[in-house]
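In C-alpha cells, the next block holds one chain alone, the form predicted alone.
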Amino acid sequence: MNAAEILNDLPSRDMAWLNSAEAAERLSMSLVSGVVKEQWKYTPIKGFIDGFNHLPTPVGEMANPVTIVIGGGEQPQIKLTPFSDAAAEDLDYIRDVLHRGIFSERYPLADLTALSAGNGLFIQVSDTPEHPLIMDFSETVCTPVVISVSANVHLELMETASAVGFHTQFIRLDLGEHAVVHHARSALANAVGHWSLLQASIAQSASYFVQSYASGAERRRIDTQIFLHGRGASVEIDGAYLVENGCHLDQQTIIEHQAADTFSKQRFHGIGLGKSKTTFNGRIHIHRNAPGSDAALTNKNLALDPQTTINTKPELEIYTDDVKCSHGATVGQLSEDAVFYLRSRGLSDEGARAMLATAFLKTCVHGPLADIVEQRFLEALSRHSPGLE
C-alpha cells in the first residue's frame, strides 16, 4: 500500500495545527509497521483507506460537520472554538495533546482523518455546566475534536455517530484533577464505513465513566485508549453491541495504568446474528511506575447462529508486582434450560431466545442513551426472532 498515492487524492490543506509533511511520513511508516498489521488482522485497513478517496467535496468547506448541542441553551462554562480560530496558547495545547497521543504509529487513520479534515473543534469546560454537552457526528466527513475539562469539574457528555456514509472521527478528552465525566456514546447507524478513536487522559483522582454502545455496519472499527496518568485516576466502561447478518464490528480497547493506585473496570456484552463478524480486543497495560493498580476486564458474547464469527482476545501486560488484575472472555450460546423454562411459561421458542438475548445485553445498558439503544437492539432481535412479542 503506497501512502503517497493515498495522499495525492486528498485535498491540499494549509493547517496551522498540523504538520502535514510529518503526518504524511508517519502514515507511510504506520502502514508497514508490525503493530498495525497485528491490530488490523481481522479488519483489513485497506477498506477504510479506500473510503477517504470517495469523500464528498472538500470536507473543510462544510460548516457543521459535528452537531453540538448545549442543553439548556448557551452555557458560559463551555467554550467552543474551531482550530482555525484558536488563540496561540490554545493551538499549542491542541498540537501538544494530539501529538502526544492520537498521532502515533498505532493509529494511521488519525493522520488520514487530520489530513482530510482541514479543521477541528476545541471544547473547553471551565466549570460544572448545568446541562449535558451533546455531540452528533452526523455528516460524511472527518472531524477531530479536542475536549479539555478543568479540575474539579463534573460533566455529562453524550455522543452519537448517526452518519450513514463513510466517515471517521476522533475525540481527545483531557480530565483535570478530581474531575468527573460521564460519557454516553453510541454508533448505531448502518454506515458504509465508520472508524472512530476515543482517547482520554485522566489526571490525579479524576473519574471517567463510559457507556459505549454499537451495532455492526458494512465496516465499523471503534478504537478506545485511556491513559490513567495521575495517582488515583479511574475509569469504568460498560459496553453492549449487536451485529446483524452481513455486518461487521471491530472494537479495540487499551487501558494504560501509568500511575500508582489507579483503577479500571471494563464489562462488554455482545451478540452476533446470522453471518456476521465481530472482533473485540481488550488490552490492559500496567506500567512499571503503577503499583497498587486494580484492573478488571470481562467480555461475554452470544453467537446465535452457526455462521456467526466472534473473535475475542483479552490481554494483560504487567511490569510491576503490586497489582490486582483479572480478565475473562467467553463465546457461547443461550442456555437450553433457560429457553425451556420460558417456553413452559407460554413463550414461543423464538420469543424465549430473543427475551434471553435482550436480558443479556441490558445487563450492560444504562445511562441517558439506554432507551434508544434498547429499542435499536430489540428491533434487530425481533427481525432475527419474529416470535418476540
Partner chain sequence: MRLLEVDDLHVTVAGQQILTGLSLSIDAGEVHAIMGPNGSGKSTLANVLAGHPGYEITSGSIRYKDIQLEDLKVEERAHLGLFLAFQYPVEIPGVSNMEFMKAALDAQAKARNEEPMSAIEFMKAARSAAQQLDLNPDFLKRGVNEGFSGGEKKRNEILQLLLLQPTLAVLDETDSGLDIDAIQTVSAGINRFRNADNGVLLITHYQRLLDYIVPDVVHVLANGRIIRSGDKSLAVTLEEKGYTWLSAS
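Positions refer to the first chain, counted from 1. It should be emphasised that the depicted structure is a prediction, and the values quoted were computed from it without experimental measurement.
In what follows, reference is made to the form predicted in complex with the partner chain, a form of this protein that is not presented.
Among heavy atoms of Trp40, none comes within 4.5 Å of the partner chain in the model of the complex. Although the partner is absent here, Arg345 is a contact residue: one of its heavy atoms lies within 4.5 angstroms of the partner chain in the model of the complex. Although the partner is absent from this view, Asp349 contacts the partner chain in the model of the complex, with a non-hydrogen atom inside 4.5 angstroms. Contact annotation for Met355: at least one heavy atom lies within 4.5 Å of the partner chain in the model of the complex. Residues of 258-296 are not found to place any heavy atom within 4.5 Å of the partner chain in the model of the complex.
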